[in-house]
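Coming up is one lone chain in structure tokens, specifically the form predicted on its own.
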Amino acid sequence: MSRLLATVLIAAGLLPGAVLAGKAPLAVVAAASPAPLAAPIDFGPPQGEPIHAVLGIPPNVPPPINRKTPAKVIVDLEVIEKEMQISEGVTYTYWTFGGTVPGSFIRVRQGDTVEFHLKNSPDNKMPHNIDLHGVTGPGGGAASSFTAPGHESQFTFKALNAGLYVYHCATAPVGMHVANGMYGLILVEPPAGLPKVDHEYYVMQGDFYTTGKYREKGHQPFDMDKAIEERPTYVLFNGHEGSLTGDHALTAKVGDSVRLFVGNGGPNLVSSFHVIGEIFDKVYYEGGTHAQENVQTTLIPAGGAMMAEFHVDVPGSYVLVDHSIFRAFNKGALGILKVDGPENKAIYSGKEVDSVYLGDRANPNLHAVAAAAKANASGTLSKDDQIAAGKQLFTGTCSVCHQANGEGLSGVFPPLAKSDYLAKQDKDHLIGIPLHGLTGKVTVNGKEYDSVMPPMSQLTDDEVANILTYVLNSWDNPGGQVSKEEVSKVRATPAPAATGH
């Protein structure tokens, strides 16, 4: 490349100044074409026959667009109100675009003329519409798409600006429609397309507001007061806890390139999106034209989006989180990218990230927890059901201190295995330990321990009951069974004063 040409490209913003100084690698030069995104342009009328858009079901996206000319693209999207699982044993009535949360991924080309058909299922109870942030026009289409149950609306727009845009329902009360899952992404590709990658995935964060607490079993209605006060029960990727873990984890192989299309439906929270163990090569922040490089964590505003590109160099489980970290481990905003392939000790010598650190969602889906919840709902819950569910919950909640085998850590955390302390305490006291915590000196199996167990107030009554039932029936402990009702009774009792024991 001549020095004059490099100077021109730098002035145009297509190359960094480091190229002129001879510091940038050849890959930087190659990356300048195709340009990722482009300015607003009207490419003229559509050419050829109309095309029916192929929609992506999350976490999948439609294939890249390889057309050289603008087209008329017909998008058919149906609003469906449906009850689905938000967590193991917990259901919620979602309002959806296309039957999923987030809604179907829409992919068009800059300059396309989009004929949009919005259908409202006749089984629905509410009117709905759609506001696409990629539309130039009143309400982003909302003013033209108000649709009653059993009806269909149609409007047309030209995709003038390349970028990654949120769409959502804008029917009053807008916040309630969005909070119930009515959001998705539309990608307007630049004419030259996006650089080729091995995998593209669709992830969207949302905050949900239920009358019951986190993981409280049964059907949970929407709580308007919590939503107004911005106190979400759940913060989730792709609409439900476990949507991107276990059997549903994203996948790649060592050496692959990955592009994440990530949106934030809100309605309230800003996302601090992060992939544990990876660094984003590029982030097209806010879904726009410019890219930041070598990014650890990026902000995604409510109603905003971003694209991230990176390579995976070593195998393991890479955890997607909102780095407002309690949202990840205590409200559900956690996913996994599972990478298979040969190790590279020169890059990373250690073992795969420990599953205790990742929490219970790093393991396969919590089938035993779901089975216990179903049995409890039908009145057939057995001790064996509780033990199986308690074991899975213990792994993600308690084993980091007490260890998977119940032996604790010598001189730090008392053992639960063969514990004389458990054997001589009454049931209410044992229930009170996870509910209220335990501080001060205790003697277990003849040894004194002086540490702090914080209250596990995030656990529901049935989770506490199942964990305690598992512990009492494991590692040669005396046995017994704790019920949800017994836990509820102790929870309602004021916590004892924090004194030593």
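Quick note: we count residues from 1 along the sequence shown, nothing fancier. What you see is a predicted model; the values in this text were computed from it and never measured.
The same protein also has a form predicted together with ligand HEC, omitted here; what follows describes it.
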property: All of Cys398, Phe413 and Ser451 with a heavy atom within 4.5 Å of ligand HEC in the model of the complex; result: yes
property: 4.5 Å heavy atom contact, Pro58 and ligand HEC in the model of the complex; result: no
property: Partner contact for Leu269 in the model of the complex: ligand HEC, 4.5 angstroms, heavy atom; result: no
property: is_contact(Gly440, ligand HEC) in the model of the complex, heavy atom dist at most 4.5 Å; result: yes
property: Proximity of Pro434 to ligand HEC in the model of the complex, heavy atoms at 4.5 Å; result: yes
property: Of Lys391, His402, His240, Lys119, the one that lies within 4.5 Å of ligand HEC in the model of the complex (heavy atoms); result: His402
property: The single option of Val75, Leu422, Ala227, Val235 touching ligand HEC in the model of the complex, heavy atom within 4.5 Å; result: Leu422
property: Interface stretch in the model of the complex with ligand HEC - options 130-138, 147-155, 280-288, 425-433, non-hydrogen atom within 4.5 Å; result: 425-433
property: Residues of 453-470 having any heavy atom within 4.5 Å of ligand HEC in the model of the complex, listed in sequence order; result: Met453, Pro454, Met456, Leu459, Ile467, Leu468
